[in-house]
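This document opens with one chain alone, in structure tokens, the form predicted alone.
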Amino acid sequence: MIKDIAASGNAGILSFIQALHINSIVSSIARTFSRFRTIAKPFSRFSTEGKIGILGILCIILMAVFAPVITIYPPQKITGDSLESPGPGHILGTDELGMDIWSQICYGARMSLTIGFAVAFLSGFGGGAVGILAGYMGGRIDQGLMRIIDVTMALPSFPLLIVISAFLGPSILNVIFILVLFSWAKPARIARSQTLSLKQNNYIIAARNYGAKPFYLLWRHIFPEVMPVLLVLVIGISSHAIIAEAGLAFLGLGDPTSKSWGMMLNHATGFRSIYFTPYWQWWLLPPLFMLIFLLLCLAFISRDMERILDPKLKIKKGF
């Protein structure tokens, strides 16, 4: 009788386990971990500098997203004495108006990342799409686009950036528009050259002969092949956009209502005799350090991505 009770108990436990679908839960967990390993596998191929760059970019993004949480004071509010040295109340001190510099650094990261990523996305992928279409269509469209690209790349970009910014006025949208205007030509030219070589492949010619539509060929075959090159270009364009925005803001052509690292440099260097006082240590150095750190992180990531995505390059790890 005891054996029957034990057997019935074991049967009940087995039926309960089967009701919980343990096998399906375990298999789903295993699939989840395998996906994480698949996603993390490319990052294992990054060098030490590349991993430092990824970690640095993540830290800056988190600092920009959680700026209201990690700061005490608003960036545009007078919260202390003029040119107060770093202390418990103000981690990095204050500027000449008494505004907290740490708050300006955190909120300034939003401006740099927004402009850098917006310009990189619009000019990189937008210019790449235009180049792919022109290279695939050919004919007069391709010739006309190449003439526009030649003129755009021949123009001196930064002097024209200054002139157009002064003409349109200081605004974030104007800065993004101007930077995109002078950044789309290179991705378009490279994407066009890649498309011209890809569309001569036998499998694309065969698919076209069997009735494949142009959109299908572009989306399924050509765009995935050009995407790795565009990703590397996007990172380079973001670096160029960030330093160009900082340069325009440093010259006083940025948006004065927004807090950016370039505007902080403009206000700091515009202060009389700043280099003969200790104020430069907590007013000038933090935004300059953040700009250099962000550009170095982007450069490390761009170099490693170019090495990983292009197997022809034999770049060793390290400098």
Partner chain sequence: MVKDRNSFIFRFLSTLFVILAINFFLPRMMPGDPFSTTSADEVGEEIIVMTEEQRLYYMNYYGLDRPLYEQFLVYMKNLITGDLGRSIYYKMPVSDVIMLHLPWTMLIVVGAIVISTISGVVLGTLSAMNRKKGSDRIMMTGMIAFAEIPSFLLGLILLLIFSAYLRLFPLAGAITPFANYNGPAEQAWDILCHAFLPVVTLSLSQLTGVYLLTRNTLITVTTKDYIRTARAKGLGEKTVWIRHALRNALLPVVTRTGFMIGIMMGGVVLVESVFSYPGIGMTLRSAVVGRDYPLIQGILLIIAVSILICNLLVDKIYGKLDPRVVI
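Positions refer to the first chain, counted from 1. As the structure is a computational prediction, the values presented were derived from the model and not from experiment.
Keep in mind that the form predicted in complex with its partner chain is missing from the display, and what follows is about it.
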Option touching its partner chain, based on a heavy atom within 4.5 Å in the predicted bound form, out of Val151, Leu97, Ile72, Met137: Val151
Triple contact flag Phe46, Gly50 and Pro228 to its partner chain in the predicted bound form, non-hydrogen atom at 4.5 angstroms: no
Contact label in the predicted bound form: Gly247 to its partner chain, heavy atom within 4.5 Å: yes
4.5 angstroms heavy atom contact with its partner chain in the predicted bound form for Leu291: yes
Exercise: Ala299 in contact with its partner chain in the predicted bound form, heavy atom 4.5 Å: yes
Interface membership of Ala166, its partner chain in the predicted bound form, 4.5 Å heavy atom rule: yes
Residues of stretch 253-269 in contact with its partner chain in the predicted bound form (4.5 Å, non-hydrogen atom): Leu253, Leu265, Asn266, Thr269
